[in-house]
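A single chain, nothing else alongside it, follows as structure tokens in the form predicted alone.
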């Protein structure tokens, strides 16, 4: 039976990718070059997040992992990149022994050791992409370059925001982002503008951007479980929004794979309850300003319209409480 409990929240505010720099937000092409090209990151919540991700993958394997048979060579390319990055950045946590094509990969945090023949998928219990993805808290999506576009052909997704590997498998970049209700200042579709940019990304020069949403006490909202999470959004009130509604921030990283020419999307998703925004007054003020200014179309596209007013009202009440305390001081 499918279960989902939001087991963690970000505790290290120094590394939380807070998304707002001004008091209003509109879709924009905020891509920038990635300074640290190593995407492997061990957070304080690493073990809890990885184990929960694995549980979700076991409970809904077809929803959360999808691939095409012809992608195995590309999957091995991704496995090699992630293993090398993990060992390079965290040698105390990860080890790899390479004896020709015979590899042994060690995850010292989880106490796991696996040996396999690189390039031979029969030597792993899982597909290479699915196997290596389960060692990191990120979501991973591989989009194959074909016909001047990118097509989702492998995906391991556990923190989706109106997205799923099963639903979106085989779709082009433009089809996936078709519902985005905004155009750029030049009048072209924002999704198409980003697609054209991705075509220019070179191997060894990854880029990044930030996406955000709100979650009503959920890890993800995928299409297949809308009957479960849809009604739950109506349970949010101004009284419980501080605890149950979380600012979901997705740090997206884009890598052009040198051999397959595909684009690997590495998605680092972190969650912060609205009540924890009070730990950083600037974050609280910016979030309150942004949320009360969200256009209706954007709120509906993001799926937050049913509980956005309650969230804003919670923030307004907390702001009034703070003013009252300041006036007494």
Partner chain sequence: MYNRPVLFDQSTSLVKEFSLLQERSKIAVMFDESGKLQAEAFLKEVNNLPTSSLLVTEWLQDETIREFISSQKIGTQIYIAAKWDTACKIFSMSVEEGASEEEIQTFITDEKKRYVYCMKCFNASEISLDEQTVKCSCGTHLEVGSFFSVVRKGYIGYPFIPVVQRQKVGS
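Positions refer to the first chain, counted from 1. Values in this document were obtained by computation on a predicted structure and should not be read as measured data.
Beyond the structure shown, there is the form predicted in complex with the partner chain, which is absent from this document and is the topic of what follows.
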Checklist entry - Considering the partner chain in the predicted bound form, which of 83, 176, 124, 198 comes within 4.5 Å of it through any heavy atom? => result 176
Checklist entry - Among 130, 251, 153, 77, which has any heavy atom within 4.5 Å of the partner chain in the predicted bound form? => result 153
Item to check | Close approach of residue 169 to the partner chain in the predicted bound form, 4.5 Å, heavy atom | outcome: yes
Item to check | Heavy atom of residue 63 within 4.5 Å of the partner chain in the predicted bound form | outcome: yes
Next on the checklist: Contact with the partner chain in the predicted bound form for residue 223, defined as at least one heavy atom pair within 4.5 Å: yes or no?
Outcome noted: yes
Item to check | in the predicted bound form, residue 99 touching the partner chain (heavy atom, 4.5 Å) | outcome: no
Item to check | Three-residue site 68, 146 and 227 fully in contact with the partner chain in the predicted bound form at 4.5 Å by heavy atom | outcome: yes
Checklist entry - Which among 238 to 246, 254 to 262, 68 to 76, 210 to 218 is in contact with the partner chain in the predicted bound form, heavy atoms within 4.5 angstroms? => result 68 to 76
